[in-house]
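A lone chain, given as structure tokens: the form predicted on its own.
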Amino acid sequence: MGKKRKHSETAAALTDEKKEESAAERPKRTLLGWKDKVDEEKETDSFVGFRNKEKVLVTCSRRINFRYRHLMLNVVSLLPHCKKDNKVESKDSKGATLNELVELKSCSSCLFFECRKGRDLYLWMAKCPNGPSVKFLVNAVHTMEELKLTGNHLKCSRPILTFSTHFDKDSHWKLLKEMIIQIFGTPKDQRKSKPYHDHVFVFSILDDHIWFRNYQISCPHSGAQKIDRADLEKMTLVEVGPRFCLNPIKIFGGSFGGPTLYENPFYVSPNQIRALGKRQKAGKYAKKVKAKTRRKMHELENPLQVDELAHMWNE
């Protein structure tokens, strides 16, 4: 039989074990509390490189036309990473107001639809708050409701952006291409976006204008979940809409202003076009007035001879 341990010896052994357990390193303390090593390892594993957090603010000016408002709503439905806001007064101070709104909405870009005289639509595409920014004149507007096309892609899905080769020729086209990629490209793993690519944004340059088209990628589906490789070659594009044409006016170095980096030499404002049309109509009226005066002068210079039998039947 072994000897029994005294109570003092057992108590000392327990205290030694507690000291060894308590000798472990304490976790780091942060402003939000104690931080465990496991959480640190999770954060280091989850953070890999750059994450795109692009957000776009889409808004318009007051007294906008219904057709242009529908175009803006169609653009909002195509961009899941955008945020809408109330209408902004289109005055000289709109740049400072929009920069404040972009900062409040925690966005990095802005699409501002500005309507003038109820008929002319201008699109501001800006990177806030440091720029650059571009001002476009929007022509050939056709909304989704107006076109009634057969295409129908998944809402909030990520688009594939395609550009024509003309974007790589001049420096201002390269700058516009980079801005379009950042604004219209949906970030990966965005919370509202779907992990599918089922439609294409096409940006092509023709006559120094940027033409926008939206196509659905349609493929033959036999009922199975997977698609055969032979069917990939049979994919077709079906237009969804909307359609519009962008005529670049100026590129500024800042946000909604600043030094002019590029100015379109072929741009003619719609006010000048309407003024020329009025002058042509005024020229037609002036020709009619001159013709009347010439007729009167001809009648005075060549009076008709008096007919002797003109008053015979008056009696």
Partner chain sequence: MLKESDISGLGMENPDDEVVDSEPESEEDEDLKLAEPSKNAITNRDGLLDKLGDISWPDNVDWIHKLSVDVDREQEVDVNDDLTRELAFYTQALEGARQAFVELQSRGLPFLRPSDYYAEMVKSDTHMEKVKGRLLAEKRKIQESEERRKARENKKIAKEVQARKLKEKAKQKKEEIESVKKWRKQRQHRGFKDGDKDAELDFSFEDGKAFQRSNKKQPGVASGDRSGGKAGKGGGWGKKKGPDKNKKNREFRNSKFGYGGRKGLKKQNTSETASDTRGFNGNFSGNKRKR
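For the two forms, the rigid core is made up of the largest set of C-alpha atoms that agree within 1.5 Å on superposition. What you are looking at is a predicted structure, and each value in this text was computed from that prediction instead of being measured. Numbering follows the first chain given and starts at 1.
Absent from the display: the form predicted together with its partner chain. The rest refers to it.
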Which of 80-88, 110-118, 97-105, 191-199 sits within 4.5 Å of its partner chain in the predicted bound form, heavy atom basis | 191-199
Is K135 a contact residue for its partner chain in the predicted bound form, using a 4.5 Å heavy atom cut-off?
-> no
Would V141 show up as a contact with its partner chain in the predicted bound form if we use heavy atoms at 4.5 Å?
-> no
Taking heavy atoms and a 4.5 Å cut-off, does W124 contact its partner chain in the predicted bound form?
-> no
Does its partner chain get within 4.5 angstroms of any non-hydrogen atom of I251 in the predicted bound form?
-> yes
For the stretch 270-291, return the residues whose heavy atoms include at least one within 4.5 Å of its partner chain in the predicted bound form, in the order they occur.
-> I273, L276, G277, R279, Q280, G283, A286, K287, V289, K290
Relative to the superposed rigid core, does the CA atom of Y285 travel 2 Å or more between the shown form and the other one?
-> yes
